[in-house]
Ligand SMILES: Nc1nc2c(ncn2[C@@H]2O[C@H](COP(=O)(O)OP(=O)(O)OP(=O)(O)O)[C@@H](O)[C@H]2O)c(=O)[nH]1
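Just the one chain here, laid out as structure tokens, in the form predicted alone.
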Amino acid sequence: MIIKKFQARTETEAILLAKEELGKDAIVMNIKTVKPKGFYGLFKKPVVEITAAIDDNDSYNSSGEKMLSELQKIQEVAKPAPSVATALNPNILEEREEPKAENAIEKRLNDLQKLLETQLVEKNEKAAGSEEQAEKSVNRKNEACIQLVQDQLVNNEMDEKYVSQIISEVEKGLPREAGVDNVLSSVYQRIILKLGQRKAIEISEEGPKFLFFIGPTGVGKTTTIAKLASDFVLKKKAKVALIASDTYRIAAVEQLKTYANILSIPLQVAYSPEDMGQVKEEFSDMDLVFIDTAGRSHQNQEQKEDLAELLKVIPKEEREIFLVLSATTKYRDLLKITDCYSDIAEYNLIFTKLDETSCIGNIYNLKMHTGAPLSYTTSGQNVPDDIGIIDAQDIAKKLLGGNDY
């Protein structure tokens, strides 16, 4: 694979440059705006830089083929120049034969060819040892690049078994002399592929959709609901209602009431599955109904059963479940939590508190462990801001060490 960067005033101009040099099959891998650095950069406009790639399937001639090609050129040059008469009348060549001159030239050329072939064989024999060393050097370079990327992923708290899986898949498709750009690009694409399609909340024309938010205490379920509900009410003009089923925490109910008053949307409290059934009928004309559930311990079987009964009230085709997890929680605990909720129902994943951690490997780990779709991430307490649909490209870049690479 050939990877090159192109800069121009606009994105279109940069893409045209890439297509012109790499061909129409070139693929644009990344687009960013580059601001000129230094004092004089203050007076210059930023440019658009794209990273483009294309598969390199062209085969190169061996050294022997190249020398024989050069020999053919020598043969062409060594042909005797025609006389003036011959140039004016090419038929003279057929009538006049010069066997002695032609035989002499052919002999010299044959001798030269044998000499070159002999020198080529000797050179190849002498270079056999150095080629072996060169091969080892190339392998060491590839290994160093791969190790660098592997260490970065592990440092970002990706599970080593998932790192090894990615590296193993990438190594199979790497060219013989893969630079850092090739390795990074291959790993980057592999991560995005494995993170899969994201799951966003969408309004259905077939009736209200009931959205359950489940998860441990303190992960930010109530605040996440407030952010999403505000976005749908203020920006998408949807008909939204709230249900508080977290009757263990009075503060959670009061918090939801505050948001409901600000947004001028209805709120009901459901103390039991029976209450949930009644509220469901009341909100039959809504687009979305956000349901805040109580934080439950993954080690408490009774609480798990209570949640399961609450979920059963809403048919599967009318509900969506979002497991809310904190990005700051220990990986071992996250595994237990997700396994616990997997026993109850299928869910989508939301990760909160990304602003409180520098490592996001657990997002990838939990996606691989559960197979559940990724939905949203939050990075602060501001409502309705500090939330967004998960960005696989952004996650991949951060796992590899930054926003740009």
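The numbering used is simple: start at 1 and walk along the sequence shown. This is a predicted model, so every value here is computed, not measured.
Another form exists, predicted in complex with this ligand; not displayed. Remarks below refer to it.
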| query | finding |
| --- | --- |
| Candidate stretches 336 to 344, 359 to 367, 22 to 30, 375 to 383 - the one whose heavy atoms come within 4.5 Å of this ligand in the model of the complex | 375 to 383 |
| Any non-hydrogen atom of V219 within 4.5 angstroms of this ligand in the model of the complex | yes |
| 4.5 Å heavy atom contact, Q152 and this ligand in the model of the complex | no |
| K227: touches this ligand in the model of the complex, heavy atom cutoff 4.5 angstroms | yes |
| This ligand contact in the model of the complex: S185, any heavy atom under 4.5 Å | no |
| Listed residue that, although this ligand is not shown, lies within 4.5 Å of it in the model of the complex (heavy atoms), from Q255, Q268, N156, T329 | Q255 |
